[in-house]
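Presented as structure tokens, the chain that follows is alone, the form predicted alone.
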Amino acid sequence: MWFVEKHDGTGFMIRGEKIFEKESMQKIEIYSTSLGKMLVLDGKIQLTEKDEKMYHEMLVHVPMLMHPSPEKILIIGGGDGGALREALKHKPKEVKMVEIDKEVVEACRKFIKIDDGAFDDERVEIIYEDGVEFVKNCKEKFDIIIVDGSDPDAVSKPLISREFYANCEKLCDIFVTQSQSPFLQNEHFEAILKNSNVFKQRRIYLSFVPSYPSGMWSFLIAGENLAIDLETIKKRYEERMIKTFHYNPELHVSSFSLPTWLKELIKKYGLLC
């Protein structure tokens, strides 16, 4: 069968066999495809095994390596375990993962298994709760907050609200979130830019994930000091003995080099370029 994800007159099509389907808070589907196992939530591709590292490594290692000592991490979403897997490479003391839909975690544990054992690591606490409510009521501080949410829908749209960002800003040194395709999903992208102005500094960086809309994918990183120094990033990468498939320090730095049209767009919302 062919799976097709459509976006305003464009689409991504891949041949595969459905191996799992369940209705929970979201419609969960898992396919076996030429790109490996593929997770789909509410009709939107969340990952394929072939390119998930291009997403997860850039989501996680950029903020983690911009922090001198990330020991306490909060992941909002991330039910597939990919972000958790990458965060543990930095040897933090504690990682909390707050996932609203337990069924996603269970399905990924059974059928996809990209976490490489991260779900069962003794440093990890998995909390099945609404991430918005969690940060609203949280009294703890974190070195890094990583938001690994799905495309904005009824479940995840509150994760791009001003209130959510304001609550996160109080709890962490560095915040990062995936921020959609600025090329095909500009409405969602600009909502994130607008609502995140509660942070002192914000920057956008890019990666390329072939199975995501347009292939161009963006991330918003925020905090008090977002200076980027290649030698510092290299030193931390080597000292922490990080092993990656896609990410490297040179790519880290270059991912903040944006095309002119995107620079002009984000300047309207007061982001650094």
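Quick note: we count residues from 1 along the sequence shown, nothing fancier. Owing to the predicted nature of the structure, the values given are computational and were not obtained by experimental measurement.
Same protein, other form: the form predicted in complex with a small molecule, not shown, and the subject of what follows.
J.: Which listed residue (Met66, Ile28, Leu220, Ile45) meets the criterion of a heavy atom within 4.5 Å of the small molecule in the predicted complex?
T.: Contact with the small molecule in the predicted complex is made by Ile45 alone.
J.: Spell out, yes or no, whether the shortest heavy atom distance between Asp151 and the small molecule in the predicted complex is within 4.5 Å.
T.: Output for Asp151 is yes: heavy atoms within 4.5 Å of the small molecule.
J.: Is there a heavy atom of Thr177 lying 4.5 Å or less from a heavy atom of the small molecule in the predicted complex?
T.: Thr177: no, not in contact with the small molecule in the predicted complex.
J.: Looking in the predicted complex, any heavy atom of Asp80 within 4.5 Å of the small molecule?
T.: Within the cut-off, so yes.
J.: Using a 4.5 angstroms cut-off on non-hydrogen atoms, would His61 count as touching the small molecule in the predicted complex?
T.: No, no contact at 4.5 Å.
J.: So which stretch, 127 to 135, 168 to 176, 186 to 194, 143 to 151, is the one near the small molecule in the predicted complex (non-hydrogen atoms, 4.5 Å)?
T.: One stretch meets the cut-off, namely 143 to 151.
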